[in-house]
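Just one chain follows, in the form predicted alone, and it is written as structure tokens.
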């Protein structure tokens, strides 16, 4: 599998605020739930398929330049004993949210452990296995700290949860 070019939010001409990295194209169906939620909140994003193991230089470049390109946080989704979120978190001061994915014989437990068990000084906020939706909501909440429009959308979304979650 070759790493794929950038997929900017087609609905937005704005600078991406969230970088979404996916370790393998086979993980795109789960991680596209992330981009659907970001679009719902009107948050511009950039999604890339980049493997920490097959293309470490691309991961390094993406992580090191994300802040200067205007990003506020990064979401990394990968399966198996992945190190994508940790590799990214080691190279940036931006918040990193890890999404362990279930595409392994261990049903994602290997991905969960490799995402959540980070060394001191290299934190990765980790959501549930296949928790791509919650990763996007957490990214939106990070952005909402400084953006009142996004904050209002978060409150509307939270109020709607009483009626059941509707993606």
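Numbering follows the first chain given and starts at 1. Keep in mind it's a predicted model, so treat the numbers as computed, not measured.
Quick note: we don't show the form predicted in complex with ligand RP5, though the next part is all about it.
Which listed residue (53, 64, 40, 69) meets the criterion of a heavy atom within 4.5 Å of ligand RP5 in the model of the complex? After the contact test, the surviving option is 53.
Contacting member of 141, 32, 26, 117, with respect to ligand RP5 in the model of the complex [4.5 Å, heavy atom]: For this set of options, the contacting one is 26.
Although ligand RP5 is absent from this view, report whether residue 88 comes within 4.5 Å of it in the model of the complex, heavy atoms only. Residue-level check for residue 88: no, no contact with ligand RP5.
Determine whether any heavy atom of residue 94 comes within 4.5 Å of a heavy atom of ligand RP5 in the model of the complex, and answer yes or no. Residue 94: no, not in contact with ligand RP5 in the model of the complex.
Heavy atom of residue 75 within 4.5 Å of ligand RP5 in the model of the complex: Output for residue 75 is no: heavy atoms all beyond 4.5 Å of ligand RP5.
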